[in-house]
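Next up: a single chain in structure tokens, the form predicted on its own.
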């Protein structure tokens, strides 16, 4: 508890700071939704004044923040002036979709990078090592937007993969097996594009971490006693190199979250990314701030999960205060 509690407190303080700064930047930015509405010929000054009073825009900034913060605890996340509804009803389903895409890509990236990185460190200079190094160099030099557009083009050329969305129009009429298949068809290309954008960094760190321990004396002794290569690499070497990789796990969550917003916009995945972009263009301040806050929650949660995994793998971290 002495290890987890300070990190929870730190996360809450960080979320509070993010909420304050994002709210200030959204509210103090030049113009707002009503300023755009004021440019319409049929809207009078009296109507604008009434709307400002209705939405509380005439109140002092600290009061507006406190009203918004209270709505966050109620799950409303303020009010969307564009959609005329609570921002939470827009944000929470989109946040679930973003989390689903990010977790899928995270699992795919790590489950690919770990075996390739471990085997490359075991056989440096081999065919697998050269192929994986070439692939990681190519992906590292390829911007995420190019990956997204390439997979979007692939979806447009093939009839099997949809070019956007999360489900088909007749999704509710399908059986459970057909629903899973339909969801997988919509998920595979966005998740693959997002996973490939994170694969090079994870692969190189895994290879470097395993390379530092693969020739350790106790591993050479185990090899001399007839321990098999797979057990030696994945049962001993990977465990010995786990600490820096677990720390990297938290950082990879941040990279995947930032990349997911772009992939969602390009490939039409109904997550926070398209909603955030639309809300910025429409100057829907509460939706923008809510999207930033939920993204920060995912980021802090990923780092906290990495800390818990590190505590589980290395009990010596319990001594850290």
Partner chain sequence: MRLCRARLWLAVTVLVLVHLAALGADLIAPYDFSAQHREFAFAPPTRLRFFDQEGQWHWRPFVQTQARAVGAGGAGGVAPLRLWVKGSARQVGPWVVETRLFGVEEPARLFLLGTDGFGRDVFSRLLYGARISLLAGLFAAGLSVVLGFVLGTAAGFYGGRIDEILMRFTELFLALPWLYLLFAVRAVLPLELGPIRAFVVFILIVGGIGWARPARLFRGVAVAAEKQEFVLAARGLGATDLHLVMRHVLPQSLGVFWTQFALLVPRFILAEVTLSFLGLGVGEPVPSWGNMLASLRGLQVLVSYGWMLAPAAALLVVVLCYEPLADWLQQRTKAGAA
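Numbering follows the first chain given and starts at 1. Quick caveat: nothing in here was measured; it's all calculated off a predicted structure.
What comes next is about the form predicted together with its partner chain, which is not displayed.
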query = 110 to 118, 182 to 190, 219 to 227, 154 to 162: which one contacts its partner chain in the predicted complex at 4.5 Å, heavy atom to heavy atom?
reply = 154 to 162
Residue 29: touches its partner chain in the predicted complex, heavy atom cutoff 4.5 angstroms = yes
message = Whether residue 168 contacts its partner chain in the predicted complex should be assessed with a 4.5 Å heavy atom distance threshold; does it?
response = no
query = Though only this chain appears here, would residue 299 touch its partner chain in the predicted complex if you measure heavy atom gaps against 4.5 Å?
reply = yes
ask   = residue 146: heavy atom within 4.5 Å of its partner chain in the predicted complex?
value = yes
query = in the predicted complex, do 204, 283 and 292 all reach within 4.5 Å of its partner chain through at least one heavy atom apiece?
reply = yes
inquiry  = With the partner left out here, which residues of 259 to 280 have a non-hydrogen atom within 4.5 Å of its partner chain in the predicted complex?
reply    = 261, 262, 265, 266, 272, 273, 276, 277, 280
